[in-house]
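In the block that follows, a single chain appears as C-alpha cells, in the form predicted alone.
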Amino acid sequence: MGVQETKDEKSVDKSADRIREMFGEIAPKYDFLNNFLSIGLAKRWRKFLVAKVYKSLVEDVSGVSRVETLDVATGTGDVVIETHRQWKRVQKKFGGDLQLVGVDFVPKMLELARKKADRKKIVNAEFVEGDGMNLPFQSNRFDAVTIAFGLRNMADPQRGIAEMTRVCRPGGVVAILEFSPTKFPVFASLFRFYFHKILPAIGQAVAKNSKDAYRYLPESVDAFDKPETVAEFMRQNGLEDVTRYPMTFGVLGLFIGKKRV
C-alpha cells in the first residue's frame, strides 16, 4: 500500500467485488501487517497526515461549534483514531467539538474499526458502509476529507477525488496519502526489491488469501497515476493551493488542497 506508467492500469483487476473480497480476507491480519511491513512507519505517516490537516484547518474553523472530518476507505479506522488522538492537543485552537466519520465498503474492516474505537472509548466516531466513488453523504458537509492508501484501489481515482471534494465544505481540506516513485536511485532499487519480492511473500504467508492481496499491492502502485496527475485531478475537481509533501525518500507523498470558496 513507486508509481510508474509502465503498466496498463487495466491490467490490474480493481473490480469492486475483487477489492471487497480481498480486503475482507486479510482484515484479521491487516493492522499487524501494515505495521510490520512498513517497519513501523505507517503510524508516522498517519500522524503527519493528520497534523497537516489540522494545521491547514486552524484559521478556517476557529470558533465553530463543531468540526466534522471524513476518512474515505478507512479500513480499520486508524486515520479516524489518529484524528481523535491529535484533537486533544489542538482542541483549544478550534473551540468546538469533533465529529469523526469513516467510510469503507468492506464490512469486515468496519467491524474491526468499530471494535477498535470502542476499546479506545472514542464515542464521537461513526463508521459507515459506502463506496468512495459514490459517497453516501450530502455535499459541502465536512471540514476535512482524508484518504490513506485507498485512492489507487478505486477503478476511477478521478471520480474518487471528485466525490471527496463534493462532500467537503468550501474552504475545507482534502488530503490524500499515497505511494509514489522515489527519486533516490539507490533507495529506489532497494525499495522496489522489497516491495515486489519480500513484501508479497511475507504478506501471503501471514495473511493467506485467495486474491493474492500482497502481490496486488505493488502491482496497484505500479499501475497508479503519477503524482503530477493526482495533483492535476485535484485542481480539475475544485481544489486549490494543492501541495505535495514527499515522504520517506519520496516513496510516498501527501497531497493537500483546499476546496474553492
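Numbers follow the displayed sequence, beginning with 1. Quantities reported herein were computed from a predicted structural model and do not represent experimental measurements.
The form predicted in complex with a small molecule exists for this protein as well; it is not shown, and the discussion that follows is about that form.
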Do residue 54 and the small molecule come within 4.5 Å of each other in the model of the complex, heavy atoms counted? no
* Indicate whether residue 149 is a 4.5 Å heavy atom neighbour of the small molecule in the model of the complex. => yes
inquiry  = Check residue 252 for me: does it contact the small molecule in the model of the complex (non-hydrogen atoms, 4.5 angstroms)?
reply    = no
Using 4.5 Å between non-hydrogen atoms, is residue 98 touching the small molecule in the model of the complex? no
Assert contact residue (the small molecule, in the model of the complex, non-hydrogen atom within 4.5 Å, options 113, 125, 106, 175) equals 106
TL;DR on 167-175, 117-125, 152-160, 86-94: the one with heavy atoms within 4.5 Å of the small molecule in the model of the complex is 152-160
* To do: Verify the flagged residues 196, 213 and 224 against the small molecule in the model of the complex: is each one within 4.5 Å by a non-hydrogen atom?
  => no
